[in-house]
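Just one chain is shown here, as structure tokens, and it is the form predicted on its own.
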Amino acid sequence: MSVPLLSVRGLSVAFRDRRGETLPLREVSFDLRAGQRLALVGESGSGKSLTAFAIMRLIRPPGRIASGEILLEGRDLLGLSARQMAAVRGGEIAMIYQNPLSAMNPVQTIAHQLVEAIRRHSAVSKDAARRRAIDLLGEAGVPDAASRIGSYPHQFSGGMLQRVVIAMALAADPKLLIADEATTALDVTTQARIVDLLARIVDDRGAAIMFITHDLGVAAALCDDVQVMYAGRIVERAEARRFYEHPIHPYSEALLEAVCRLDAEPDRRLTAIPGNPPLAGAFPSGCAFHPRCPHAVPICAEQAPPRVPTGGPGWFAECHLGRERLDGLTLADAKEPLP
């Protein structure tokens, strides 16, 4: 098999305070292939954005990457110098942030910022970079790009500014896009347009995308695989269709039960997940989800859960009841066996 575009192995991130060192991200491992669309979902504080910042090597003191490997096409990013890693950021991996206004310099024009990003990774003249910037804005769906490029960030709406940020992320034709809650601050109509734009860009350019979101509906519209995080760990990864139809981990099931569905009965009440996610440094023993889990049994509080394969390569659930839940699914869903 070919080498994955991105391979994360045993990644842990530590933060130190006056009480000592905590591990909010613990032994995270996954692969991402070229052209793949991966959703990273979970409640706030589960470790989604921290995973992205670790991949970009943007963890700053008092935080540090405590252990693990981050391989980009087989090259360990943790072994690169600061100068080498600066070339990777934007050049091979680009990030789209949640708040586009805070991602831009408010006192510089869009032209200045796009041209700077293009020339940072390409040896081209200012005029060539400006033409390239106009093309990127047009590709990102900014109307009348040639005249709008001289505007300042505050002169764009939130949706249009997010398109500008996407254009900037594409400046060096990266192999991987990391979108960190890139649609959260937008209205649903603009969200749909941005999701369609990202899907088209990934298909046209052959890039991969890691899409971090709270919105399981947006993830369903864009992504091939879904990766669920809880308390700094990946607790389930599955092909998107299988995940939405038959989640294996109780936390995945609870997340989906809390989603408002158009095909639900009008009088159906949404099911809230009881309790709160644990704080880093205060993770429960055994399975971190067991205090909130309706299916928990005594072993869940005593031992870390095993990783149960649930289908294709890289699909699994970390749950003591994973095998029983998977076997129950297989029996109940005999007309559609597991792959």
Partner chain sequence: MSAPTTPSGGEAPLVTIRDLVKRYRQGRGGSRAHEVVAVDGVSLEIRAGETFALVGESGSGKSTVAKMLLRLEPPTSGTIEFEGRDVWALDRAGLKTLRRRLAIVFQNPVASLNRRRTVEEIIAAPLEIHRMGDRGARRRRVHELLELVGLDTVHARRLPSALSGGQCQRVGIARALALEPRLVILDEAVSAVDVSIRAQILNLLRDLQELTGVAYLFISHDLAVVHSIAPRLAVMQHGRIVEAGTRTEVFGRPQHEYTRALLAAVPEPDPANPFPLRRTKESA
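Positions refer to the first chain, counted from 1. Everything numeric in this text was worked out from a predicted model, so none of it was measured.
Although it is not shown, the form predicted in complex with its partner chain is what the next lines describe.
Looking at C260, you'd find a heavy atom of it within 4.5 angstroms of its partner chain in the predicted complex. Looking at K126, you'd find every heavy atom of it more than 4.5 angstroms from its partner chain in the predicted complex. Its partner chain in the predicted complex comes within 4.5 Å of no heavy atom belonging to A103.
Its partner chain in the predicted complex is approached by D187, whose closest heavy atom lies within 4.5 angstroms of it. Contact with its partner chain in the predicted complex, defined as a heavy atom within 4.5 Å, is made by all three of E43, V218 and L270. In plain terms, the part of the chain that comes close to its partner chain in the predicted complex, with a heavy atom within 4.5 Å, is 271-279 out of 28-36, 271-279, 297-305, 60-68.
H214 is the sole member of H214, R148, R131, R89 with a non-hydrogen atom within 4.5 Å of its partner chain in the predicted complex.
Interface residue among L80, A240, A199, M160 relative to its partner chain in the predicted complex, by the heavy atom within 4.5 Å criterion: A240. Contacts to its partner chain in the predicted complex (heavy atom within 4.5 Å) from stretch 238-256: A240, R241, Y244, L255, L256.
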